[in-house]
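Just the one chain here, the form predicted alone, laid out as structure tokens.
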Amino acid sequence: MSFLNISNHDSSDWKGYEKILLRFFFIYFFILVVPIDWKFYQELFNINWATFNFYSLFSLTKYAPQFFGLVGYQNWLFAGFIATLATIIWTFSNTNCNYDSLYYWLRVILRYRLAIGIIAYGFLKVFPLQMPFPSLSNMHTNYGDFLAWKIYFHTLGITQGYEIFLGAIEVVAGTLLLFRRTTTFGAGIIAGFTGNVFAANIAYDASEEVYSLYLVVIALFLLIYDAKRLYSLLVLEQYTIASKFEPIYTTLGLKRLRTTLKGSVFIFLIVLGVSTYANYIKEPYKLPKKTGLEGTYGFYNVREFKYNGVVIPYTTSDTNRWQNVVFEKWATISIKIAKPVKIDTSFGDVYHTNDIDRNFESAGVGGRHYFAYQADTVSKKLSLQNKNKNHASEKFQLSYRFLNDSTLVLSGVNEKKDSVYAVLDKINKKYMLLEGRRKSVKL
């Protein structure tokens, strides 16, 4: 066997440079793939199974070591440095080694690591959690007020069927990796698919550039195993014999170990899939879970507005005057004000228990101020707090009353005790994004 050739159960001749390369790659990938970072185990053992949610398992699937506070590609360089030193020591130690077995087990480790990582992201798309449909507030935000990554997420989020299709590809490709004979097909799909994801992450600054390339590199390493045969078959159109290599397990213990590890991976993926689906059904993790005030969902024009008792007519330049308000289906209000927004540059992709911390709807967005609210339906009061960490001190204590089904009055004070009074008229607006453009629509 070598990197590009295989002989079934016949020990092959490894050239000197191939042995050195294999030693390096084995150590290098072992450092990057096998959990040797104590933070992985800290995260694993801190899982609260009483309040278990899928994100705890999903976080484990994104494992990559972090050395001494290094970030991104720096960790790759550090792993390469260690692997180089270890390879030199190994080379001069004259240690006997079965390189066929070494290569085989390296591929096994990488197959399962890649399968777990890609299937986990596939679940996030099959149950469209990664790119939620844009919120009503987002639909009332100027295009130029979005960061690039948010535009990318919304572009996929509005086509939930396509997002599910992309997720299905990832799940199928990852599943192919779990079987030796279909590994090349899975690796080929992932190399192309995730390569495109890597390019998109660079173009849209979507935060997963390093991780997506990490998956691509593993896929390419697995793919190179059959590169020579694929070239012979597809390019030269020559008769080509497929790899039929099968490992021989010489002891019962090895067979049991193989079955146990393989079974553990399947069980892990099943639990991850079921828990991801449960999150999608019960409380999509990127959106607040608390239901909004009954009867308020919609877009409102601010017909009348007073600030400290002074009427401010409609204007797009006054930094105190509310222009319009959106009540979401969940307990979030967004207000259009001329007051500048310092954009939350996080990606809102982490699971949080508290709604105030679930910031996907407001992350990467300017133009509107997003407030999480607590509603006291007995005394008819709303307590608002800005969800943007850069404006976390902004708060309102408001009373509300409905004049009719479509008119709502809010009055109260902000965190500086300045009084506000706003009369809101709901606009029964139809959205072409929801109505569709391929059929006749009456607005």
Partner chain sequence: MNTTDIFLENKEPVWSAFEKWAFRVSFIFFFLLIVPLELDYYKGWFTTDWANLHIRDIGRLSGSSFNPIKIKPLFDGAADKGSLKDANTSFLTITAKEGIYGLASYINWFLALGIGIIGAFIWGFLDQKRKHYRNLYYFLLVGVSYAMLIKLQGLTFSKVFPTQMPDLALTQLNTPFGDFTAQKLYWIQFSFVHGYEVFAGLAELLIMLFLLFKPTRAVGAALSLAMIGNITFANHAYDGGIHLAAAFFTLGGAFVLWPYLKNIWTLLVLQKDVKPNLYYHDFKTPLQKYFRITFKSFVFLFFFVLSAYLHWHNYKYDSYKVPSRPGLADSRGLYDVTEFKVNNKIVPYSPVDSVRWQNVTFEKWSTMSYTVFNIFLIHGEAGRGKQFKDIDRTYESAGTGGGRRHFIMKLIPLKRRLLSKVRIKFIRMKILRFITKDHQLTESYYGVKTSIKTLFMLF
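Given the structure is predicted, the values throughout are model-derived calculations rather than measurements. Residue numbers count along the first chain shown, from 1.
Just so you know, the form predicted in complex with the partner chain exists too; it's not on screen, but the next bit is about it.
For the marked spot (Tyr162, Glu237 and Ile241), a heavy atom within 4.5 Å of the partner chain in the predicted complex is present in each of the three residues. In the predicted complex, at least one heavy atom of Thr141 sits within 4.5 Å of a heavy atom of the partner chain. The closest non-hydrogen atom of Leu433 lies within 4.5 Å of the partner chain in the predicted complex. Of the heavy atoms in Asn308, none are within 4.5 Å of the partner chain in the predicted complex. The closest heavy atom approach of Ser207 to the partner chain in the predicted complex falls outside 4.5 Å.
In short, of 74-82, 211-219, 194-202, 264-272 it is 194-202 that has heavy atoms within 4.5 Å of the partner chain in the predicted complex. The partner is absent here, but in the predicted complex a heavy atom of Tyr152, alone among Tyr99, Tyr112, Trp330, Tyr152, sits within 4.5 Å of the partner chain. Out of the listed residues Val350, Leu156, Ala338, Ile224, Leu156 is the one that sits within 4.5 Å of the partner chain in the predicted complex by at least one heavy atom.
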